[in-house]
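The chain below stands alone and is given as structure tokens, in the form predicted on its own.
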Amino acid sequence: MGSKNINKNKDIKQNTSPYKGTTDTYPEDMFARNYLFNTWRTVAKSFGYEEYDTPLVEEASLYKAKSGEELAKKQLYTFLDKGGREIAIRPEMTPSLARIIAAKRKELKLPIRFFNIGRFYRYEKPQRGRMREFFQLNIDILGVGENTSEIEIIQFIIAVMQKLKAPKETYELRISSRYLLDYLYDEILKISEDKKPAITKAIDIFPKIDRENFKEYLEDLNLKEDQIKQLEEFVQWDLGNLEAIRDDSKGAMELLNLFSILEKLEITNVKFCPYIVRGLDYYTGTVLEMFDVGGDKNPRALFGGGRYDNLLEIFREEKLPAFGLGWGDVTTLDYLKTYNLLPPYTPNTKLFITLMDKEYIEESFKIASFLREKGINTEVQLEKIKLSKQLDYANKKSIPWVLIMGEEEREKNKVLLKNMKTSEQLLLPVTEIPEKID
């Protein structure tokens, strides 16, 4: 019976496509991804941040506690393990970060500057800029209640964009505060707690729809006419409106102070936008998102983040002020491709050793070992085929140097080193190769 099932399975042709919402990453794509990751990592370390990681799976309750209904109920990949525990594949990093901080709260020296580049999963509808599987930079500073945290993270963002050679006119940081929503709900609209989530969602979609549809959306929430008008005005506020309520709103005061410092630091790619609210429940103060403003090819936010001072409470720990962001690879690579900011693909292999005769294979291995010890990535031809095909292989893989060793070269105890770009050929001892290769 079992053998029949095995034979039956052999007849089934397996699909070569990856699971929906995920992608296979070939070397050229890995090159682009690693370029972005290395940029993130280099700049983060230059700011004094240390790298960490957490398991890819967590108990599902960790995300259901604070991540918000949209993520917890609709986007979470969950399963029961063999012990009957509900497990989730991590959809974001902040709850896991809060967990590991809570676990060693007394041992960690404040402020904590951590970063991670990890893989995440969310059950979403795949579209441009959004996949079910994605990588994300998470960079956070914990233990600082002042807006100096926000300023440092914003400086980090600008430093990354500069290193990526991003034109200043193509990106913009849009900033607001969740405290500003408290003022809107309690002092202007005077609404009950149960209506707040729906209105927050309405504010969040304001930039994605036209004014007429926005008004209709608000009308469907059973708001009064004056409340609808107040909301339509709020989403278009500027810093002048914040000045009028500076003394009455914590959010207004903090934002005005933040923008004043950013102006003194000559950071200009920033704008106050009251409709930036962020969807996750744990945000408490400043929130930000970055947008491509150079065209319409990347319509969604490139990334977002904010302050989350209360998250450790789910572990019954004292509050710990925190600010951070999650910067996704999918949207960022789309942005880099849009503006031709990715460097041309270059292979890892620096030199290719051809094989003229089977009896030379041992010597090829010895030469390759010597060159690798000298820091030269070296690939060896393992089967004897026509030299023209070997050279064609090296050329197609964009390997810049080729080593040719035939009977004549062996008699002279030398090898032929060929530059594949210029076709220049040098007859020299193996020991001189490292100084000849750029």
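Everything numeric in this text was worked out from a predicted model, so none of it was measured. The first residue of the sequence shown is number 1, and the count goes up from there.
Omitted here: the form predicted in complex with ligand HAM. The next part is about that form.
- Relative to ligand HAM in the predicted complex, residues S176, D186 and K229 are all farther than 4.5 Å at every heavy atom.
- From the list 178-186, 79-87, 330-338, 208-216, the contact stretch for ligand HAM in the predicted complex under a 4.5 Å heavy atom rule is 330-338.
- Contact check for D140: a heavy atom falls within 4.5 Å of ligand HAM in the predicted complex.
- Contact annotation: F352 falls outside 4.5 Å of ligand HAM in the predicted complex, judged by heavy atom distances.
- Shown alone here, R122 lies within 4.5 Å of ligand HAM in the predicted complex, counting heavy atoms only.
- Residue contact with ligand HAM in the predicted complex: L325 places a heavy atom within 4.5 Å of it.
- Checked against ligand HAM in the predicted complex, the candidates F114, F272, F303, F156 yield a single residue with a heavy atom inside 4.5 Å, and that residue is F303.
- None of G118, P347, G251, G129 but one reaches within 4.5 angstroms of ligand HAM in the predicted complex through a heavy atom, and that residue is G129.
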